[in-house]
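This document starts with one chain, in the form predicted on its own, laid out as structure tokens.
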Amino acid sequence: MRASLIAIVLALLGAGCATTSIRGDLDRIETISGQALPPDVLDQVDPVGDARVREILRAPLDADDAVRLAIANHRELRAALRELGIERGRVLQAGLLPNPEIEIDLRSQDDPEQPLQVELYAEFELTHALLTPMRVDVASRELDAARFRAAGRVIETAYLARAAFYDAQAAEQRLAVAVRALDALAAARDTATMLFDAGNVPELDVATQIAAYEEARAVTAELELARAGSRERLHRVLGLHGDATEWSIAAPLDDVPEESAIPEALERDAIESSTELAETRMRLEAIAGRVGLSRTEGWLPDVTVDVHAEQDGQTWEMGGGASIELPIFDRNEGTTAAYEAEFDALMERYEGTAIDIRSAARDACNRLASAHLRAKQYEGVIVPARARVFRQTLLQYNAMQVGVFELVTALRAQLSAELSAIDALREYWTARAALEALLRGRRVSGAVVSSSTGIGADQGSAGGH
């Protein structure tokens, strides 16, 4: 009994020392997410005037820089981190002892010779104080759940930054390919016009070259819009605005590696690192704690102790007492049953989430393997083959063996293959980022909104030289 009382007293003292600072919580989030948070992540920030942001943006931007900027500036993430203060405050509040209630009565009599009588009462809710450690334990579990939830947001934000950056890289490359094609078609159009003026080619060849050039201009305009859209999506993730939106891409997308490493125990690793499951476990423990607290409050009498003093003008009378509310009719059966039902429902969702994560792991694996295969196929086979077809068609065109339609069709097919190769690269690196996010603890969709467009290879038809 004595040991129990000492434990309760120590718990009460510990709860009284709780802090509202979430610095320790941020350190825990860094450990869970594997992402470093800026030391001043909760300070006021304005990317336009921040010297460190400007220093990063002065140099060509790469994917790692994009992640750092997103974690420092993304407002939804910053809001999620600040919301830790809500649960931290609830832990502090749960550990506070109830305030004593003091009542003072003053009485005077008609006889002016009689002194003023004073009565003092002080009450303290003893049962509420004894259950304080249980309330602190419940609030601490909910704080742990909030930490895992915030860590998941950090991982998701890092993924979004990488995916948006890869999309912006791909948009830059697609536009560069289109501009190169436009220059080639412009030269071909001018050459055909001069040959036509000299009477060396029929009017059909000139019309075909002009049509191909104008169609390429339309496609280039679409790709310029797609590039602008991808940059704006990245700006939203990075929290950039104003002058801070003037930056350049460091380099084109990297080539895919020869082998795409995938962990053998992918599903198990995804389950063990999942912040969603960890958050749900903490919420289950919190609800279990609420069930225990509700049951205890149900059978434990609500005891209020009091001391009182009365002064009759000459002497003081001291005394004490207690009031007890017996749990005869209301033993919190309804509240306890509600918490038990909430626990059962959350347990079902926990099992469902585990199944979804296993499925997401397999899906991420399939997506990565497919993207790797397609990227390698375009890089090593399709693009070189289309380039060879164009070169041979050009030779035959110069030898007057094929018409201009065949030449334009071969050029379109080559450009389409190059654009598709860029899309395959983007999909590979996006799938890689999604798998890494999953293994760090957060499911992401793996899909990136991209308005890629291409120069159709099926346009045009055969014609004569």
Partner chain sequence: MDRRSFLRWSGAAAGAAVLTRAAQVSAQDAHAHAEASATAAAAVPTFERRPASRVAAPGGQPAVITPNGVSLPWTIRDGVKVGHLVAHELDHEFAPGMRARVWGYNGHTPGPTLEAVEGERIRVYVTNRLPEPTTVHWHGLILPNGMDGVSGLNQRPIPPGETWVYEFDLRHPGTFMYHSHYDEMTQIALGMAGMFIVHPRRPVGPRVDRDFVLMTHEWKLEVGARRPDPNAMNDFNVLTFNGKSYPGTEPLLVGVGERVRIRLGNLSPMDHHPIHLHGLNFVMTATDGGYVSQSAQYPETTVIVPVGSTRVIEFTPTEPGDWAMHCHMTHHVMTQMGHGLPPMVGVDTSTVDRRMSRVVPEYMSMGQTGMGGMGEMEMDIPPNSLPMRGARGPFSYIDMGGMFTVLKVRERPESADPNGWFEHPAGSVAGPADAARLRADGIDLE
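Between two forms, the rigid core is defined as the largest C-alpha subset superposing within 1.5 Å. Numbering follows the first chain given and starts at 1. Keep in mind it's a predicted model, so treat the numbers as computed, not measured.
The protein also exists as the form predicted together with its partner chain; that form is not presented, and the subsequent description refers to it.
Does any part of Val404 reach within 4.5 Å of its partner chain in the model of the complex? Heavy atoms only, please.
Yes, Val404 lies within 4.5 Å of its partner chain in the model of the complex.
Can you tell me whether Phe148 touches its partner chain? I mean in the model of the complex, with a 4.5 angstroms heavy atom cut-off.
No, Phe148 is distant from the partner.
Partner contact for Met194 in the model of the complex: its partner chain, 4.5 angstroms, heavy atom:
Yes, Met194 is a contact residue.
Indicate whether Ala51 is a 4.5 Å heavy atom neighbour of its partner chain in the model of the complex.
Heavy-atom contact with its partner chain at 4.5 Å: absent for Ala51.
Pick from Leu175, Leu394, Leu96, Ala122: which residue has any heavy atom within 4.5 angstroms of its partner chain in the model of the complex?
By the 4.5 Å heavy-atom cutoff, the listed residue in contact is Leu394.
Given that its partner chain is left out here, which of Val201, Ala80, Leu368, Ala278 has a heavy atom within 4.5 Å of it in the model of the complex?
Only one option qualifies, and that one is Val201.
Complete contact of Met134, Arg331 and Tyr339 with its partner chain in the model of the complex (any heavy atom, 4.5 Å)
No, because Met134, Arg331 and Tyr339 lack any heavy atom that approaches its partner chain to within 4.5 Å in the model of the complex.
Among 54 to 62, 406 to 414, 423 to 431, 22 to 30, which stretch has residues whose heavy atoms lie within 4.5 Å of its partner chain in the model of the complex?
The contacting stretch is 406 to 414.
So which residues in 169 to 201, when you check its partner chain in the model of the complex, have a heavy atom no farther than 4.5 Å from it?
The stretch touches the partner through Arg180, Asp183, Ala184, Ala186, Ala187, Arg189, Asp190, Thr191, Met194, Leu195, Ala198, Asn200, Val201.
Please determine whether the C-alpha atom of Ser294 is displaced by 2 Å or more between this form and the one not shown following superposition on the rigid core.
Superposed on the core, Ser294 moves its C-alpha less than 2 Å between this form and the one not shown.
Thr31 C-alpha shift between this form and the one not shown of 2 Å or more, rigid core reference:
No; Thr31 is a residue whose C-alpha shifts by less than 2 Å between this form and the one not shown when the cores are overlaid.
For Asp423, state whether the C-alpha moves by 2 Å or more between this form and the one not shown after rigid core superposition.
After core superposition, the C-alpha of Asp423 moves less than 2 Å between this form and the one not shown.
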